[in-house]
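Presented below, as structure tokens, is a lone chain in the form predicted alone.
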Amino acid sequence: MSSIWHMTTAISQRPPLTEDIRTEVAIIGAGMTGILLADRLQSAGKEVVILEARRIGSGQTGGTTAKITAQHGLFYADLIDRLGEKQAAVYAKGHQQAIEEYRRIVDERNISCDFKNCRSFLYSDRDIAALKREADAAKRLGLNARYTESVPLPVDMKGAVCFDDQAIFHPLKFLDAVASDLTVYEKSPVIRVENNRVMTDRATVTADFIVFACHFPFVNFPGFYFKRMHQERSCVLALKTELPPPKDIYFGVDPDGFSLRPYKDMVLFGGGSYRTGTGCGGHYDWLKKAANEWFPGAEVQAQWSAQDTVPARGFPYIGRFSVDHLNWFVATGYRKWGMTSAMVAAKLLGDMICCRENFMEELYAPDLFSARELPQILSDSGRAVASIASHALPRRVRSLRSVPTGTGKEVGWCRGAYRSDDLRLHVVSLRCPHLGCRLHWNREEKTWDCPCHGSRFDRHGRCIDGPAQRDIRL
């Protein structure tokens, strides 16, 4: 299930790290955050290396819908209620500046990445009161937003909030261009981090500063990020439609709302979010049915899923990893808005590492705990405890012969099996190597997924998403 970005871009391969080195800054993760940060730091005269477990852009950046927008759902009115107008304005200003920074980089470097300026609509066919409240909040925070009942979609909507001066692009074309002059070591998974040393499976990097830009930090203590976030997946279809695709960005705020944006002569149609490890299948069928109602006769050119971290406090953790490790930095918890959040993180962490003041530092500081985090933390902790405890429950032992071709099933105590098309069985442990939760079979994507913290493993047991770092193959 390759994304349209991977289908239309081939990023040049980089060698793995094979010998011990020393540098000023070591960045873990070659997604949008890591590449943008490395680019800023290198421009400031810092020596930087990036360590990537797989390929540049192979993680969540390659699965994004690539909307560069300060419109983040029904968000600003609630943010004002929680943090006050002053801090909410810091968030809004930072993300609008992020859009402008993308424009500057694309223009100054003449990057061919299908960058287009557009509007972003937050729409509903039910609750216009919430939309009007959001439009008012966004305007108070300095964003160019307004309520409108003119929504250029193929289905009727009651209203929308329109944000001007937003953008879309091809994330991997952009990433490839920005990364061209950076030192990136691919296929160099980080196994452990201790003080100022980053250890991969082959060699060690010693650095003055270490940045975790790997979507979900794999170090549990200190920081406790595994308690402060969970992960969700959502599906995306690339549709070839008979009519010209919509020109702008659209995000539905209703429980069954959809996300839309154009890419060339296609529309990217997304929806159907669910917590990683809890999907019961049928998500793509549901999305295709809805797509046919919106765009009759549309042909699916590609389909894939994106994975997002959901922070308990509702906005990202960007800053020092913890008070115990002042030379460690982290950027995580982007929800569904990774493109502008990546730029925000690059600008903020770049200034912090270069000892420059930044107006966003206090807002995003990860060590500022809020009581509003408690409900999600308690709920997620309860889920984790129940999942780990379920290992002790008696389980019916299934015969390996009962596993159909192309399917994964639990076959005994803490064991699962997948039968490939060549009839071979691939038996795995169902205990997540991160913290021991019970893995569940995702029949739609043919993966073993963790419902606690979102780690994922392919049908053969290889780790494909963290925070887990080890395979589950027996």
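Numbering starts at 1 and runs along the sequence shown. Keep in mind the model is a prediction, meaning the values are calculated, not measured.
The form predicted in complex with a small molecule exists for this protein as well; it is not shown, and the discussion that follows is about that form.
| message | Among the candidate stretches 79 to 87, 240 to 248, 339 to 347, 277 to 285, which one is within 4.5 Å of the small molecule in the predicted bound form when only heavy atoms are counted? | response | Only one stretch passes the 4.5 Å heavy-atom test: 339 to 347.
| message | What I'd like checked is whether 29, 53 and 61 together line the small molecule in the predicted bound form, meaning each has a non-hydrogen atom within 4.5 Å of it. | response | Spot residues vs the small molecule: full contact, yes.
| said: Using a 4.5 angstroms cut-off on non-hydrogen atoms, would residue 188 count as touching the small molecule in the predicted bound form? | reply: Yes - in the predicted bound form, heavy atoms of residue 188 and the small molecule come within 4.5 Å of each other.
| field | Contact label in the predicted bound form: residue 234 to the small molecule, heavy atom within 4.5 Å | value | Looking in the predicted bound form, residue contacts with the small molecule include residue 234, since a heavy atom lies within 4.5 Å.
| request: Indicate whether residue 144 is a 4.5 Å heavy atom neighbour of the small molecule in the predicted bound form. | output: No, residue 144 is distant from the partner.
| task | Would you check, heavy atoms only and a 4.5 Å threshold, whether residue 174 touches the small molecule in the predicted bound form? | result | Residue 174 lies outside the contact set for the small molecule.
| said: Exactly one residue in 121, 225, 334, 269 has a non-hydrogen atom within 4.5 Å of the small molecule in the predicted bound form; which is it? | reply: So the residue touching the small molecule in the predicted bound form, by this definition, is 334.
| Option touching the small molecule, based on a heavy atom within 4.5 Å in the predicted bound form, out of 113, 306, 291, 157 | Partner contact (heavy atom, 4.5 Å) among the options: 306.
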